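Form predicted alone, single chain, as structure tokens, below.
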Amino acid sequence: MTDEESQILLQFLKVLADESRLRILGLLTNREASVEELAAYLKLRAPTVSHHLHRLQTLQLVAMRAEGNVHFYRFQPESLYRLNRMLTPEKLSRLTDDVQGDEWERKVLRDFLSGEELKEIPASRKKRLVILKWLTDKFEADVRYPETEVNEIIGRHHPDFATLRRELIGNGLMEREHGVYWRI
């Protein structure tokens, strides 16, 4: 999604986030109406309705036609169809192209670590995996560790080494065979 498309999307969503504007659109989907008619239907003042109509017009959600001194408004569904084409999951995901995925992981580490000590084992599976990956880095690649050494390394960071050891195996971050462990 381009910067221009994301700005348009943001404007659409801001305009549509107002109940009065949505109700105006709802009324205009069935027929044209003047400001005075809309004000009466919605129990709003005419200047308020005019303001809402102006916001809807800027995004081409409504069109106006004059008949003498009276302006009639009608719904323009094409604009919503354009919006719908912009709201695909693929285009929405591109809004985050500049977001650093590791920022969230750094936050989890800041929240759960005090220096090198793990304050608590996260209850959330996703957060726990971040901690487990951090803990995996405490083990060297291509080195085989006896269980007592694994317990000692994990124990430097949290007293419940048994749970963390099982989690490392269960999440596929380490392997175990005959009491010997290694990183994957």
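What you see is a predicted model, and the numbers here were worked out from it, not measured in a lab. Rigid core (definition): largest C-alpha set, two forms, superposition within 1.5 Å. Numbering starts at 1 and runs along the sequence shown.
A second form of this protein, the form predicted in complex with the DNA, is not displayed here; the remarks below concern that form.
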Report summary line: Of the candidate stretches 35-43, 132-140, 147-155, 117-125, the one with residues having heavy atoms within 4.5 Å of the DNA in the predicted complex is 35-43
Report task. Determine whether any heavy atom of Asp18 comes within 4.5 Å of a heavy atom of the DNA in the predicted complex, and answer yes or no. Result -> yes
Query raised in the report: Looking in the predicted complex, any heavy atom of Thr48 within 4.5 Å of the DNA?
Result: yes
Query raised in the report: For Tyr73, is any heavy atom within 4.5 Å of the DNA in the predicted complex, or not?
Result: yes
**Report entry** Rigid core fit then Thr163 CA moved by 2 Å or more between the shown form and the other one
**Finding:** yes
Query raised in the report: Would you say Glu32 moves its Cα by 2 Å or more between the shown form and the other one, aligning on the core?
Result: no
